[in-house]
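One chain comes next, on its own, written out as structure tokens in the form predicted on its own.
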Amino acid sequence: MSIQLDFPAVLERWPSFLGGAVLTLELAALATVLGALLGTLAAVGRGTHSALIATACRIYVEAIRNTPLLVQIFLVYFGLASLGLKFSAFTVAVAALTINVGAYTAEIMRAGFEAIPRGQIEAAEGLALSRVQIYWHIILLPAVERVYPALTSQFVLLMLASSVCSQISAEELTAIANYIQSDTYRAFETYIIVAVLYVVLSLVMRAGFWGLGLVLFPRRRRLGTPL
């Protein structure tokens, strides 16, 4: 039994593929920025002296890390609708992805915070630096530098995981592929093209994070440390 592939019939839909790829990058970019902020706040909250805040952050992280992303998307999508709040599928997808990646970012950042030597913090306090200066220059920036490779890998995985947002009709790359294969009846060719596009998107994101790392952490560039 021979398989006859017809890629031209699928590739003529390239504008749809391009639109889906752009929307996927937009989803990933927004969720990355918002998730990084949320995760950093959760990591700080877990280390606070307030038992209430620390417990709330711990519950959030464990609840998200131990439930499937698809279930979380459905909870946000149908939960908001049950409250009478109507949002677009794109907005709901960004919110769900932000909540998800925020939990993983919190654990990565917490590891970075714990890697900062206590002596550096005490030295900064001895120099009469303010609490804000200590958090920014002594804790946050060095912590981000230490865990930057892990963070960037997590954000690339987030982009790949955004494919499940097709289940709520967010028109990202996988959703577009579903439409095209149902219209052309060329599922195999369609998903081969989509797989290649996801590889390209991953490489684009990794290259972007590498360039950002060179800007944010020039010391690593001088020392030749991989980002």
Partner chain sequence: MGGHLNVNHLIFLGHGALWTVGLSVIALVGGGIVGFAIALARISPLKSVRLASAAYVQLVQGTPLLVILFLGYFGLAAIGLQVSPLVAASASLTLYVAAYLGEIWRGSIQSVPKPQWEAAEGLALSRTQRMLKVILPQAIRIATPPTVGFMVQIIKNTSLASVVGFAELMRSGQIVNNSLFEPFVIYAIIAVVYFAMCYPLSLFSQRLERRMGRGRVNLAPA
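Numbering follows the first chain given and starts at 1. On a predicted model such as this, the values are computed, not experimentally measured, just so you know.
As for the form predicted together with the partner chain, it is not shown, yet the points below apply to it.
Listed residues V164, A43, L27, I176 were compared with the partner chain in the predicted bound form; V164 is the one with a heavy atom within 4.5 Å. By the criterion of a heavy atom within 4.5 Å, A54 is excluded from the residues contacting the partner chain in the predicted bound form. Although the partner is absent here, I168 lies well away from the partner chain in the predicted bound form, with no heavy atom inside 4.5 Å.
Contact check for T67: a heavy atom falls within 4.5 Å of the partner chain in the predicted bound form. Interface residue remark: S153 is counted as part of the site for the partner chain in the predicted bound form, having a heavy atom within 4.5 Å. Three-residue candidate spot W14, L34 and L212; no residue lies within 4.5 angstroms of the partner chain in the predicted bound form by any non-hydrogen atom. Contacts with the partner chain in the predicted bound form, taken as any heavy atom within 4.5 Å, map within 99 to 125 to N100, Y104, I108, A111.
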